[in-house]
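Have a look below at one chain only, the form predicted on its own, in structure tokens format.
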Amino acid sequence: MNDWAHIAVGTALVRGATYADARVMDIRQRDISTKNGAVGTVVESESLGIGVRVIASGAWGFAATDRLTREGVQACAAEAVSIAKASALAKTHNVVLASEQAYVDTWQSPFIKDPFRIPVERQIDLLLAADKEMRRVKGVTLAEGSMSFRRIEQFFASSIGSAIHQVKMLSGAGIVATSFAEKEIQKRSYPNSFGGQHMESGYELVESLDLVANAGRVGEESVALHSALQCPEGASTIILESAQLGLQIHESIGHPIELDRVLGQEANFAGMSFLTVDKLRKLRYGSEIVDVVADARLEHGPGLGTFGYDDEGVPAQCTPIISNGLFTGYLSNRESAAEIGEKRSGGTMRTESWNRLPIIRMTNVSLQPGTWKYDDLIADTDDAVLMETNRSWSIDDRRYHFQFSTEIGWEIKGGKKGRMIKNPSYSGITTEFWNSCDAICSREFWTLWGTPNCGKGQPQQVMGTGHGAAPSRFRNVKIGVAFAK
């Protein structure tokens, strides 16, 4: 890995590049799914190659190859330089990068059990055991389970002298029970929807979820939802559980703070952003208790956005995004940081694979814990709807108007959690919504959730992001029925 990266960088400089970096990536992946007592998929793959990024004649060029010989790597680097020189013919200005030091380092995410050393048969048996428990519940139409594991080993080298070796292990698992009755579909997921919980961890994460023990409850709730009350309509107080709040953060904070969207450099997938540069350090994004950070450091937690260095060789860091409700920071790279006058990149450049160009991606964008105990928050709330586990979402291409629905809701009356509510949804305007937040639970109720399926770019890159949140209360929010028969 080391030799290939350094050959690429050296070749690019000889060919006329003023800057070059190369990343060699070895990616191993295993995906398993089950459905109604049968194995759905078992897929294992490995990919190894190099991506070379250069600046020549003031413009970017990128090329990639899996032909990892001296000749193959040299040809790839030469192609990247040729592309940069061709791109320069249409440039409007020279690329300028914020300054960064050189780093020589090794970093590895901590894990206890290597999931690739656990027999596939054992992993399938666990999913089938959970599947069986869900199907024990009369009325469950479809029982599904999944596991996903990814090991990424990467060596990065750059012309400023960086040489960085990193190894990351990612794991995730979840189950879903679906019930179809009287032309209505209801579902319950554990521990979260869209694949469950995902973290930078080993197989110990899967074991900690105890899928089999939770499978019966998941099935029972999916069936019980058919008899539940429809969500009321109108303006109401709502409490969002941490998993749903994690997705709310992702869509209404995480994406709009990506500086390439703000500057119009990325609009192909899901649009741009309402957070124009003139709003930085001026916009009241949320109430005074709302504090949000983008933190890639391991001390924040083993999230899908945790690393030692980003794909420009910038160390992981914590960037204040919202401070006491005030909008204070973007997700940036070396180029975009320089464009808005910042002295340093926010360290958020990441790539899905060796054959994709790094782009700005969310790290762990998290709402900092508050002071409330969960039981005290419920007791302090007279009339509200508690919503948990995302079912669907929609947000405009500026990330300003949104609507979310959740799998399940609960009536809060007189400070007590009461009847089950089905098909709950809520909608609003991003800044109005975050300014309506008046209570956030404390650290003991805070969870760093993983979103493994965030899409961005063209061609699309699917990456994992992290979002920490604790149950929180929002006042005067529009709620209603998401799915009516």
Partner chain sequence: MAAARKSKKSARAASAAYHSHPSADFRVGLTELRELAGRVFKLSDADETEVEIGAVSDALTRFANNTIHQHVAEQNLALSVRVVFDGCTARAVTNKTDEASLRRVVEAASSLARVQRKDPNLLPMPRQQKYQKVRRFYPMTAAATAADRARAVARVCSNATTTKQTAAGIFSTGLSESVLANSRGLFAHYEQTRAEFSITILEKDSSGWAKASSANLTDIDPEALAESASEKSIASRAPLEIPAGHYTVILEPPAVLDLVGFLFYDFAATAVRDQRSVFTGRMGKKLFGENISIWDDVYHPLQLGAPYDGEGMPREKVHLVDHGVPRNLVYSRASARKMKAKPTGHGFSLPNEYGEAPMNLVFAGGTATVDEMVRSTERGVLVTRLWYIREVDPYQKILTGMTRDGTFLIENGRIAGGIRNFRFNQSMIALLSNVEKLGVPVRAAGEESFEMVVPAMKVRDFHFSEVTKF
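Residue numbers count along the first chain shown, from 1. Bear in mind that the values here come from a model prediction, so they are computed numbers and not experimental data.
As for the form predicted in complex with its partner chain, it is not shown, yet the points below apply to it.
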{"property": "Close approach of P369 to its partner chain in the predicted complex, 4.5 Å, heavy atom", "result": "no"}
{"property": "Contact label in the predicted complex: W354 to its partner chain, heavy atom within 4.5 Å", "result": "yes"}
{"property": "4.5 Å heavy atom contact, S436 and its partner chain in the predicted complex", "result": "no"}
{"property": "Partner contact for R67 in the predicted complex: its partner chain, 4.5 angstroms, heavy atom", "result": "yes"}
{"property": "In the predicted complex, segment of 316-324, 266-274, 410-418, 101-109 with a heavy atom within 4.5 Å of its partner chain", "result": "266-274"}
{"property": "Heavy atom within 4.5 Å of its partner chain in the predicted complex - residue from A224, L209, A78, A338", "result": "A78"}
{"property": "Contact set, 319-346 vs its partner chain in the predicted complex - heavy atom within 4.5 angstroms", "result": "none"}
